[in-house]
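Only one chain comes next, encoded as C-alpha cells, the form predicted alone.
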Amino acid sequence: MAQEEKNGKPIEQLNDVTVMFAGDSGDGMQLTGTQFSDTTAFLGNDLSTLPDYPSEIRAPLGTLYGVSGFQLHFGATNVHTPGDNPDVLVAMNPAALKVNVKNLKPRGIIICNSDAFDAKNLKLAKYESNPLEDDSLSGYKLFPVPITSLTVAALKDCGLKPKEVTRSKNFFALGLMYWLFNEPLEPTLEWVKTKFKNKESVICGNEKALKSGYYYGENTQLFASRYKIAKAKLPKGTYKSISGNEATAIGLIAASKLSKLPLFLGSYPITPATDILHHLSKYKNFGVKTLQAEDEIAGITSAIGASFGGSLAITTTSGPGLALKTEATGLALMLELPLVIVNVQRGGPSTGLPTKTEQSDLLQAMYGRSGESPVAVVAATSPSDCFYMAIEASRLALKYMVPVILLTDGYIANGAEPWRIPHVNEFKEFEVTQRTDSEGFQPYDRDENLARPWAIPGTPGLEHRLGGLEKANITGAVSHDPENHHLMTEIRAQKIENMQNSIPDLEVDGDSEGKVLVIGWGGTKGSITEAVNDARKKGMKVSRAQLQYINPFPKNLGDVLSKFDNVIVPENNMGQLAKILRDKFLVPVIQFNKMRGLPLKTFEITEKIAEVLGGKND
C-alpha cells in the first residue's frame, strides 16, 4: 500500500473502499451520501450506491427502525456493487451505530457523533451502556467526534435558527469525510450556491459546516492518516452519476425521439417508482406529457388512451400497483396497442417493505392476468442499464403492438453509478408506421411480426371498434366463436415468441460449457459478477450469464443451460426464475435465495459456487 506525506500526515493509497452514512431520517444522510458520491464520480472513480430508507415516513427519532443509511462503494477498478460490508461507518446517533456496526468489517473505521450518545438516545437504541466508553467497540478503529457542538460553534454568526444549525451537522460530517479521503470541497460548495440561491444564511451555514468538518480533520490529532483512491480506467467519454429512475426517465425520452412519437406518462405515485414521474415532469420542452392520476387504474387506462391516440404511452408502478393494473393490462393486450409498464419492484406482499428492494414480481409480470394473456417482459441489470432497457422496452412495444413490462427494482432504481452519456449516433431510429391509407384496411390484419395496424382516431376511412371482448381475426368484430378464440389466443402468444427474432442471444462470460454456470436476471448482475470474479481468483472454474429478456427468452438459452453440469440461480426472491427455467427447459437448477430487502451479498454467492464445486477450487 503506497503512502505519501501531506501536511505531516501520510496518505494511504487504496484500491477501493465502502462507506456507510447512517443517522435519523431527518439527519440528511441521503443528501450527504449523494454529495459524496457525486464528488467521487467527479474525481473519476467507479462507484455503486445503495440508499436505504426507513419504511415509515416519519419514524420516531432515535429509534432502530427510523435509521436512514446511504452506502457507497468506490474504487480505482470496476465497481459492480455497493459493497458487502462497509470499511467506514459514519454514525450520527446510537441507533445508527447499533443497526450498522454488525455489518462493518473487522478493524473498520467508526466515526460517531459523540454528542448524540446521551441517556435518552442510548435507551432508544436499546444500549445498556455507552458503547463509546464500555470497550464493546474494541475490534474497530473508533473516532468519537462532537459533531453537533462543533457545528453549532461554527455556525453561530450565520443567522440561522437553532434547528437549522443542528440540521447542518451532516455537512460537517461530509467535510470530515472529504478530508479523510482527500476529496475536494468545491463541487459541493458550488452545489450549495446553486441550490440555495438568494438564501444567504443557508449558504453560510452549509459552507461553514462543510469547511469546519474538513479543517477539523486537518487540525485534529485524532486521525493518523488519510486515504486516496486513484481514478478508475473507464472507457473514454463524458460521464454523469445517474440513478436507475433518472436513467429510466431519460431512456423513455430517448425512445420518444427515436420513434418520433410524443411521450405520455399516466401514473400514480408509489414508492420506489415515483421519481420517474418527477423526472419526466421536468421535460415539457421535449413534448413530454405527464398525468398524476387519481389511482393506479386511472394511470394505466389513461396511458392506454394515449396509445390509442398515437403516443408512446408509459405507466409506472411497483408491485402493489402492478396488481391493480392487471385488468387494464389485459385490455391493452386485447386491443393490441403498444404500452410500456415500468415496475420498480419492492419487498412484499401488500405494503410489505416499500423502501426496500426485492425481485418478487417476476411471476406476477409473467402470469398475473386473467385468461391466456402473455406480455413481453424485460429487465434492467443496473442503474445505467435502465436507460437502455427503457429504450428497448419501447422499441419492442411499438414493433409488435403489445404491452411490455420493464422490471427494475428498488436497489438499482435508487442506486447510482457513473453513466457514459451516449451520442445520438449510437442509436437507430425506430421504424414506426401509423396507418393512413384506408384502402384494404382491416383493424386486425397483420404484418410479418403479427402486429396489427396502428390506426389513429380521426383518420378518414380507418374507423374501427375496440373493447375488451374477443376480436374476430382480421375484421376485429366482436366474436364468441370457439375456433376464433383459440386462433386469436395462439396469435397473441406467437407474437411474443416472434420477439426472439428481434432480441440478441444470451452472452456467457467465461467458458461456454463446464461445471458451473451462475445465471441471474435484473439487478443481481453486480453481485453475481463480483462473486464469479472472486471465485475465479480462488481458482474455481465458473461462468456467468445475466438475463435481460425473460418473455421471450433468448433463442439460445436452452442450449446455454444444457452445456453446464450445474446451474446456480441467485435471486432476491424464493426462486421465481428458477421455477420458470425448470418448467421450460427441464433443468435441475440450484437455487440461491435471500429476501432481506437488500442486494445479494457477493461473498455468499461465492460460497455457494464453492459448495457446488464440492469445496474444491477447480
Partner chain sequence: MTNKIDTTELKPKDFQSDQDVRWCPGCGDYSVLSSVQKVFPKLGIKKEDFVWIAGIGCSSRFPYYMDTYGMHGIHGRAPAIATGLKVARPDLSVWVSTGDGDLMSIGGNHFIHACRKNIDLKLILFNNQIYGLTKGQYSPTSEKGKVTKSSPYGSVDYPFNPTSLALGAEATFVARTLDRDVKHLQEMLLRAGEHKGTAFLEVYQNCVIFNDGAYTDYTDKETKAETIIKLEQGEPLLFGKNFDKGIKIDGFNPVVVDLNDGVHSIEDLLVHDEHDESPVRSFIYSHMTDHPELPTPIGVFRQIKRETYDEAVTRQIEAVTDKKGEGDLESLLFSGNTWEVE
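Predicted model, so just to flag it, every value in this text is computed and none were measured. Numbering follows the first chain given and starts at 1.
Not pictured, yet referred to below: the form predicted in complex with its partner chain.
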Practice task
Could you tell me which one of Ala41, Met29, Val567, Val67 places a heavy atom within 4.5 Å of its partner chain in the model of the complex?
Solution key: Ala41
Fill in the blank from the handout: Contact with its partner chain in the model of the complex, heavy atom within 4.5 Å, among Gly159, Pro457, Gly139, Gly510 goes to Pro457
Exercise for the section: Report yes if any heavy atom of Leu557 sits within 4.5 Å of a heavy atom of its partner chain in the model of the complex; otherwise report no. Expected result: no
Handout entry: Close approach of Val424 to its partner chain in the model of the complex, 4.5 Å, heavy atom
Key = yes
Handout entry: Proximity of Ala328 to its partner chain in the model of the complex, heavy atoms at 4.5 Å
Key = yes
Handout entry: Contact label in the model of the complex: Glu296 to its partner chain, heavy atom within 4.5 Å
Key = yes
Exercise for the section: Kindly indicate whether Pro269, Phe286 and Gly309 are, all three, within 4.5 angstroms of its partner chain in the model of the complex, using heavy atoms. Expected result: yes
Handout entry: Proximity to its partner chain in the model of the complex (heavy atom, within 4.5 Å), stretch among 169-177, 219-227, 270-278, 443-451
Key = 270-278
Practice task
Could you list the residues in 233-269 that come within 4.5 Å of its partner chain in the model of the complex, counting only heavy atoms and keeping sequence order?
Solution key: Leu234, Pro235, Lys236, Gly237, Thr238, Tyr239, Lys240, Ser241, Ile250, Ile253, Ala254, Lys257, Phe264, Tyr268, Pro269
